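Take a look at this single chain in structure tokens; it is the form predicted on its own.
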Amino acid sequence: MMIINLIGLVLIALIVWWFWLYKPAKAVDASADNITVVVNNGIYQPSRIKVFEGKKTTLQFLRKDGSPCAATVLFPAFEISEELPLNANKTIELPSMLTGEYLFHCPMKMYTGTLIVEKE
């Protein structure tokens, strides 16, 4: 009985950490390097990408995950939907954006990422 209670407390602590305490990794600056977003193990890596306002952005996606959900990436704010081939790079051109945060995700939103658009 004591072990079950301990497991329950650990699970509660994990849920609290995941939903309220977890801080996402620092955003990667897309202007400095040619950014490749790797799609693997249920995540986009990097999942937070910083770009500058008013500039078109090019992202490379490399899908290593065979999951059908990972096969498509959506940028709903720009009405972009692209198929990601397995183990091959896919270039996605994004239009110039206004300051703000824009989500990108798979159709079921299991894989999620954020474009952070800032002024230069």
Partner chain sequence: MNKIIKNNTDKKTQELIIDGASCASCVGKIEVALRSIDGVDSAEMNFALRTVTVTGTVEIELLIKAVESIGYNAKSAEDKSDDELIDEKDIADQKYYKSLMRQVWIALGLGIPLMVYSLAGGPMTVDTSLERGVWFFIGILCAAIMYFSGKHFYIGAWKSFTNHTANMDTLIALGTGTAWIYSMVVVFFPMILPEMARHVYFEATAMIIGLIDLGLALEVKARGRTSEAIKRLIGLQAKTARVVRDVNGKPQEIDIAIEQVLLNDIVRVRPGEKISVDGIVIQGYTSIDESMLTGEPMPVEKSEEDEVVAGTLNKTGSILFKATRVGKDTALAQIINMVKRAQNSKPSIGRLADVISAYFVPVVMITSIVSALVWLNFGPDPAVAFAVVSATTVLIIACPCALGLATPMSVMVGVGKAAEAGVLIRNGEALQTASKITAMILDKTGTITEGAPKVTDVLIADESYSESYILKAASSLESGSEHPLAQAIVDSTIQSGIDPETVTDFNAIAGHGVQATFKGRELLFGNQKLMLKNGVPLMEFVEKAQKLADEAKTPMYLAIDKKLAAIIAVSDPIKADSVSAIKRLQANGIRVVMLTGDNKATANAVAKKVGITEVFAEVLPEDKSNKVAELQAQGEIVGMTGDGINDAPALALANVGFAIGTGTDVAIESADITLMRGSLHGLADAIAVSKATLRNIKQNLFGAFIYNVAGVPFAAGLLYPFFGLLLNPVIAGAAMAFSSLTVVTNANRLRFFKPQEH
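Positions refer to the first chain, counted from 1. All of these numbers come straight from a predicted model, not from anything done at the bench.
Although not depicted, the form predicted together with the partner chain is the subject of the following passage.
Asks: Val16: heavy atom within 4.5 Å of the partner chain in the predicted complex?
Replies: Contact with the partner chain, yes.
Asks: Is Pro95 a contact residue for the partner chain in the predicted complex, using a 4.5 Å heavy atom cut-off?
Replies: Although the partner chain is absent here, Pro95 would stay clear of it in the predicted complex, with no heavy atoms inside 4.5 Å.
Asks: Is Gly42 one of the residues lying within 4.5 Å of the partner chain in the predicted complex, judged by heavy atom distances?
Replies: Contact check for Gly42: yes, within 4.5 Å of the partner chain in the predicted complex.
Asks: Give a yes or no for Leu74: in the predicted complex, does one of its heavy atoms lie within 4.5 Å of a heavy atom belonging to the partner chain?
Replies: So Leu74 counts as contacting the partner chain.
Asks: Only counting heavy atoms and a 4.5 Å limit, does any residue of 65-89 reach the partner chain in the predicted complex, and if so which ones?
Replies: If the 4.5 Å heavy-atom criterion is applied to the partner chain in the predicted complex, 65-89 yields Gly66, Ser67, Pro68, Cys69, Thr72, Leu74, Glu79, Ser81, Glu83, Leu86, Asn89.
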